[in-house]
Ligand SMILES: NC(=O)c1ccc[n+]([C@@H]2O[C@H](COP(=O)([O-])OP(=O)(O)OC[C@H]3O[C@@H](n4cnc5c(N)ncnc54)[C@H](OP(=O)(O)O)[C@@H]3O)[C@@H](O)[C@H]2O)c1
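Next up is one chain by itself, shown in structure tokens, the form predicted alone.
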Amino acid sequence: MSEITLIGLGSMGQAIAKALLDHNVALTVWNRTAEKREALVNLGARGESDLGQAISASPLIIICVSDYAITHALLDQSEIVPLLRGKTILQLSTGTPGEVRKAHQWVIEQGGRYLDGSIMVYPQTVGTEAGQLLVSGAEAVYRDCETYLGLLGGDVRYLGEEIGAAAALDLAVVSRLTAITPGVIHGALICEAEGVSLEQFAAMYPPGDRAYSLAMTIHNNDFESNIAASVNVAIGVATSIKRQSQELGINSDFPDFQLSLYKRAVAAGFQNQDTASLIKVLRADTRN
């Protein structure tokens, strides 16, 4: 038996796993891609190729996949559902409050407990004092998970028992964060057109600021290493913001604008590159 099973080993899942392993947490990991499991096995995790065995291994299941649809597809299988009884599910995937409420109800119906969380930092900050998490759900469940949550960041904010609160605040904050990318990219286009160094542009922001890293990524013409957020991730976030807008009946012009830009980046083959790669699409527009 292990203490925690982690499902999903993308860049954020890898960061979560490493933070837990750094504190000697007995960890089981599962991912469809064997190579991602093996990298963590070499650091001390127990790797499982079978999802059912991975879920059976621990009382606490952390899920960090792209979205709630993938989560439901993984869990709502005849051989998996019975294994959820008595388990605590900590969902760290991106979703809308409406999706959170449905998932919460479904897990409760299967005899499990449910806690929803949002990681508000990039993967490299997970496990540090600057790491920030938002968490919502039953207080008793939160208290049981509190120690482990504290290993993922120094700023854990419990928002109360309304299960959708973390997802709502996450989307509200991310709306502001995602607006930085097209703004900085347009600023870089201005600098390039006027002959102003992108290093000077980057120096207008503190080193930890996303605007700084975007400007330096463009300056270095390096869109494929040290990716803070890929185009695919940005599309997922914008889609969640749009879905939330539709659920609430509020204006969706902002996520629609973002999706229109990032879909062009995907069409150009940049889906796995940093969102800064969007500048290559907009430069092409200028040349045309």
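Residue positions are given as counts along the sequence shown, with the first one as 1. As the structure is a computational prediction, the values presented were derived from the model and not from experiment.
There is another form of the same protein, the form predicted in complex with this ligand; it is not shown, and what comes next is about it.
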Each of Ser11, Asn31 and Ile119 having a non-hydrogen atom within 4.5 Å of this ligand in the predicted complex: is that the case here?
yes
Non-hydrogen atom contact Leu27 with this ligand in the predicted complex at 4.5 angstroms
no
Taking this ligand as it sits in the predicted complex, is Arg46 near enough to touch it, meaning that at least one heavy atom pair lies within 4.5 angstroms?
no
With heavy atoms only and a cut-off of 4.5 Å, decide whether Ile70 touches this ligand in the predicted complex.
yes
At 4.5 Å between heavy atoms, is Pro123 in contact with this ligand in the predicted complex?
yes
Counting only heavy atoms and a 4.5 Å cutoff, which of 219-227, 257-265, 33-41, 54-62 contacts this ligand in the predicted complex?
33-41
Exactly one residue in Val141, Leu133, Leu74, Cys191 has a non-hydrogen atom within 4.5 Å of this ligand in the predicted complex; which is it?
Leu74
The unique member of Ala167, Leu92, Ala215, Leu152 whose heavy atoms fall within 4.5 Å of this ligand in the predicted complex
Leu92
